[in-house]
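Coming up is one lone chain in C-alpha cells, specifically the form predicted on its own.
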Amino acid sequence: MPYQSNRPRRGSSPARGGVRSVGSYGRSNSGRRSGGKKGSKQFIHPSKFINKATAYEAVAYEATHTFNDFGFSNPLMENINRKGYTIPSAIQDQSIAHVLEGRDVIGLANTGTGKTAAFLLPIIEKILKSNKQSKALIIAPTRELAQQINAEFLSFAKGLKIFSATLVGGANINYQIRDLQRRPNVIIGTPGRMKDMIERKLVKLDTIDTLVLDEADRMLDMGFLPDIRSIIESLPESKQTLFFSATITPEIEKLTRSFMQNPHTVSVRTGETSDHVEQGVVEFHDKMHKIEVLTQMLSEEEFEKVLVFGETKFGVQRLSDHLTKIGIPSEAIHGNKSQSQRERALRNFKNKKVKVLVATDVAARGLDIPNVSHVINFDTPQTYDDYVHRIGRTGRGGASGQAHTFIESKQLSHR
C-alpha cells in the first residue's frame, strides 16, 4: 500500500496507476535529466517500486583465516589490530592470499562487504616488502569513493611512512600536484582527473606494478570505459591487476579478458542488495502535498538516518534548505558543491549531526554510508538501474532497510 499522509487534501481521492516523472517540488520533469540536459526517462511501472524484503541468510560466514594467518608485516599487523580487525569478511578471506601471491584477481561482492581492505592490505604489504619501491594505481568511479579509499589507506598505513595522492575532480589541483611531487606509493583517483594528470605527465605510469579497478561496473555505467582503456594501455604489461565489481556483465568480461592474465575469480555475492530492502510507493496529490507528506515522514521516529534523492541540483538544494528551515536538520550533495562542501555534508550525515542527506544520483555511486535507515525517492529515477543503485544505500551488511518512492496520484489513476 502507498504511504499515506494522515491529513486529507481537499478534492482529492486515492488512486493508483502508471508512472511518469515528477521533478523536485512536484515539477514535471519527463524528458529532462539532472542538470537540465534533454533526455528521455525510462518508463518504470509502479510495481517495480514495491517489494517485500527477503531475509538475509541466518548462517554467518565462517572464515578459513584470521588476519594473523596472512603473514602481514608486524607494523601493518599492529594497525590491523588497532582497527579491531580479527576475522576477515568473505571477500577478504577468499581473495587476500591470492593477491599476496601476485595473482590477478576478479572480486565479485555486494557493496559494504569489506572489499577495500581486501586490496589495500596486500598492496601495503607489497610496498613494505619491496623496500617501498612498489607503486599502485587505484581507480574509482566517484570522488567520494576515492576519498573513502584514501581514508582507509591512511588508517592502515599509519606510522609506516608510505604516502598516497588522491586525484579527483572538484578539488584543488595544485594540492594534488604537490602530493604527486612527494612520489607517493599509492595514487587513488577518478578516471577523468587521472587521465588529465597523466596527459600533463605528472603521473609516471612506467613504475606502476599494481592496478586496482574498484566498482568497475559503476565506472562502465558512467561512461568511463574510454578513459579506463586509455590508462590501462599506458601501463606496464607486467603489472598485477585487481578488479572489483558487484556484477559481471558481458562488457566487463570482455574488458577483463583484454588486460588480465589468468585471473582468479572470487565471488561472494549474496543476491541483489535490493532484495533485502522493504520497498513501497508514497502517494501525493500536488507539489504542496508532496512536501507535506515528506515532512510528516521525516518527523517520525523510525526515520533515523534518511537519504532523499532528487532529480536536479537546484531542486535538491532547495529541498534541503527548506527542511533545515522547518527544523529537520539536512545537508545537500550535488554536482555544484565543492569537494570540501561535499565532504562536510557527508561527514555531518555519517556522524548524525543531520538526519537527512538530500542528493542527486551522484551520491548513489560508490558511497559507503553506514546504517542508512531509509532511502526516499522524492523524484523518480532516470532508469531502473539508477533506482537499484539508490536503494542499495540501505539494507546493507545484513541490516534492515526501507525505500519509498513518491508517485503522483493522478498518474496512479491510469493503472
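One-based numbering along the sequence shown. In this text, all values refer to a predicted model and were calculated from it rather than measured experimentally.
Here the subject shifts to the form predicted in complex with a small molecule, a form of this protein not shown in this document.
Among residues of the shown chain, G114 is one whose heavy atoms approach the small molecule to within 4.5 Å in the predicted complex. Although the partner is absent from this view, Y85 contacts the small molecule in the predicted complex, with a non-hydrogen atom inside 4.5 angstroms.
Although the partner is absent here, E152 sits close enough that one of its heavy atoms falls within 4.5 Å of the small molecule in the predicted complex. Although the partner is absent here, Q240 sits far enough away that none of its heavy atoms falls within 4.5 Å of the small molecule in the predicted complex. Between 128 to 136, 115 to 123, 187 to 195, 247 to 255, the stretch whose residues reach within 4.5 angstroms of the small molecule in the predicted complex through a non-hydrogen atom is 115 to 123.
Site residues F309, Q317 and S320 are none of them in contact with the small molecule in the predicted complex, judged by any heavy atom within 4.5 Å. The single contact residue among S89, Q176, S330, T210, judged by any heavy atom lying within 4.5 Å of the small molecule in the predicted complex, is S89.
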